[in-house]
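Listed next as structure tokens is one chain, alone, in the form predicted alone.
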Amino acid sequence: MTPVTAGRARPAHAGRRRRFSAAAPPWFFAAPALVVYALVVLYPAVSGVVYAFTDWSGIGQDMSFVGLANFRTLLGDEQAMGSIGNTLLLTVAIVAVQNGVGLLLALGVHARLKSRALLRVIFFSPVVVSPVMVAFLWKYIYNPDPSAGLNGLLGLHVDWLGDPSVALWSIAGMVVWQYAGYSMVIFLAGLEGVPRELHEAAMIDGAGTFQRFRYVTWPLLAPAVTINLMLSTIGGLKLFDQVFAATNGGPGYATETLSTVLYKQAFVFGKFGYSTAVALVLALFVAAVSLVQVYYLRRREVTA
């Protein structure tokens, strides 16, 4: 009778695989993804930087080097400079209101409510809707007819998207409505990480609700604040979908942003070289603002 062995012998190629895995450098396993990333992202980005210094029309290979002419045109373009102001105003409004509303929603659904799971789903649901669909929905809500939409609900007669003095803030309102739930989820994750023992100790010391939030909860929310401010700032600076679908930059240039300007210059006027220069300025501006934010917010996290 053949004796029963304790285990089956492992094939020789299994040992070779382990030796190869131990000897191969870490970047070897990331190489396929890096190659795809380089072809899809890095190459177009570098090409775009080159085109920013040309007068390429986007068709054919006929182009010439123009140096900094596109950037000088940008600085002298009233529409483009106005779009920079609109972009900054939109970003400030979105960052402030979206994070404020998101924090309030997070504090509300973090309480011991029976319906908190349902409320979380309801508040987060607009995030998964396409921005273009949200824009068309709010175009109906912003109907200028006094008996329809928001006007009918509030008893007002305001042309929300047709009045240059309120159109920009109307765009900000629809963006906040869509993404406040996203900020809520991030703040909620931070709130879940605050130890309950700290609140109990503060209550024993006589701290009220606001004091517990100010001295216990808020400092421990520093990482969540950093993430939310970064994401909302970048989203505001490169905002395009909602503006393009709701107003197309109008009325006039009242809601024009850098993203809509570069789109129109490229695909409406055929000035791909100039539009690429606008895109390069936008990318550098977003990167600079993000780096400054990271620096100061990380310092806040350490001191908190």
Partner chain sequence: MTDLLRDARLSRGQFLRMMGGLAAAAAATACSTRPETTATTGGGQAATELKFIGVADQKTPMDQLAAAYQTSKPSVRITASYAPTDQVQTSLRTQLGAGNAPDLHVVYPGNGSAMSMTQIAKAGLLADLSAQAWTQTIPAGFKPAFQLDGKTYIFSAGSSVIGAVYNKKVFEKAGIEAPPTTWSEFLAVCDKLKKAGVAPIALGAQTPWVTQLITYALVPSTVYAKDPAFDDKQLAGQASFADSGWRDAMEMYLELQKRGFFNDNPNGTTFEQQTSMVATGKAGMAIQVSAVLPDFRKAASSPDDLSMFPVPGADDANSVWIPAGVVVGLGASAKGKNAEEAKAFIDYLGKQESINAWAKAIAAIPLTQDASSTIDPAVESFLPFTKDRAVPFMDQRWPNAEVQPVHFAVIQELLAGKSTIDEALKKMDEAYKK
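Positions refer to the first chain, counted from 1. The shown structure was predicted, so the numbers you read here are calculated from the model rather than taken from an experiment.
This protein has a second form, the form predicted in complex with its partner chain, left out of what is shown; the following refers to that one.
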Proximity of Leu258 to its partner chain in the predicted bound form, heavy atoms at 4.5 Å:
no
Given that the partner is absent here, does Phe53 sit within 4.5 Å of its partner chain in the predicted bound form, heavy atoms only?
no
I'd like to know if Thr233 sits close to its partner chain in the predicted bound form, meaning any non-hydrogen atom pair within 4.5 angstroms.
no
Applying a 4.5 Å heavy atom distance criterion, does Gly67 contact its partner chain in the predicted bound form?
no
Among 225-233, 153-161, 94-102, 211-219, mark the stretch whose residues have heavy atoms within 4.5 Å of its partner chain in the predicted bound form.
153-161
Using a 4.5 Å cut-off on heavy atoms, what residues in 97-118 are near its partner chain in the predicted bound form?
none
